[in-house]
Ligand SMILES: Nc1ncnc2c1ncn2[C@@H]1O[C@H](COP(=O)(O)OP(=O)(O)OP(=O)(O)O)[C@@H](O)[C@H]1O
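The form predicted on its own is given below as one chain in structure tokens.
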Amino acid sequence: MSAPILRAEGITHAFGSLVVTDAVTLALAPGERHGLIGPNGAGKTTLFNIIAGEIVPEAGSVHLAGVNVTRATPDRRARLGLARSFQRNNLFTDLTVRENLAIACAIAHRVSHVAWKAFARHREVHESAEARAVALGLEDVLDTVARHLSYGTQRQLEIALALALEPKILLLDEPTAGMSPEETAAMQAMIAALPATLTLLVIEHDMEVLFGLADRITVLDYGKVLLQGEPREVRDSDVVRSRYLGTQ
């Protein structure tokens, strides 16, 4: 395994007397697709928030591309190449798809004025926005207001906004949650088609989706790592089946 682009080591955090993550360690190689699963309360979202910089852990460290970012802000981590999506859509719902993408691309291009009229003249912003739309199958809805999109397309747009920042690592939090089977299939295909150089860490409740996408999976249980391995190992594990998948 090459040097990890993302390493979380000994991550421990509690809310009051409740230990939510307990000495969790994981390491992702460049370009790896890594799944994170576990029952509700297993500590998945807390670990995501620690990696993203929303929470400073009580113990342990987070490294991005060899840089210790344990106490760094989310902005600092973004500059090092980390982006994330959220479990709920985080869009400018009254703006069009084109305008949402243009704002994200303006930030990526370090255009200082991000108000729509202020950066409308920047050709590279609009070219980048349209290229992102084409790459992720959003070209037909470029001029649709975001709140009028289907739920699945809104999630697609949110990932496109994260990708506009040209990250090296993308954290995806429940990308198919609340989707119809058709939307889930479309999202799975979109994630599978992301550049092979992009490292992914994905929380996902749909095991079939995750088994189809992930190179490796970490299973959390009561804040601890229950198992780390390839999808086949996780699927075949008696412990995982009894503790999480609910079968004997």
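This structure is a prediction, so every number in the text was calculated from the model and none was measured. Numbers follow the displayed sequence, beginning with 1.
Quick note: we don't show the form predicted in complex with the named molecule, though the next part is all about it.
The contact with the named molecule in the predicted complex, taken as any heavy atom within 4.5 Å, belongs to G43 out of G53, P57, G35, G43.
In plain terms, the part of the chain that comes close to the named molecule in the predicted complex, with a heavy atom within 4.5 Å, is 43 to 51 out of 22 to 30, 210 to 218, 43 to 51, 179 to 187. By the criterion of a heavy atom within 4.5 Å, L18 is counted among the residues contacting the named molecule in the predicted complex. Proximity of E174 to the named molecule in the predicted complex: non-hydrogen atoms within 4.5 Å are present. Using a 4.5 Å cutoff between non-hydrogen atoms, P39 counts as a contact of the named molecule in the predicted complex. Taking the named molecule as positioned in the predicted complex, none of the residues of 135 to 168 brings a heavy atom within 4.5 Å of it.
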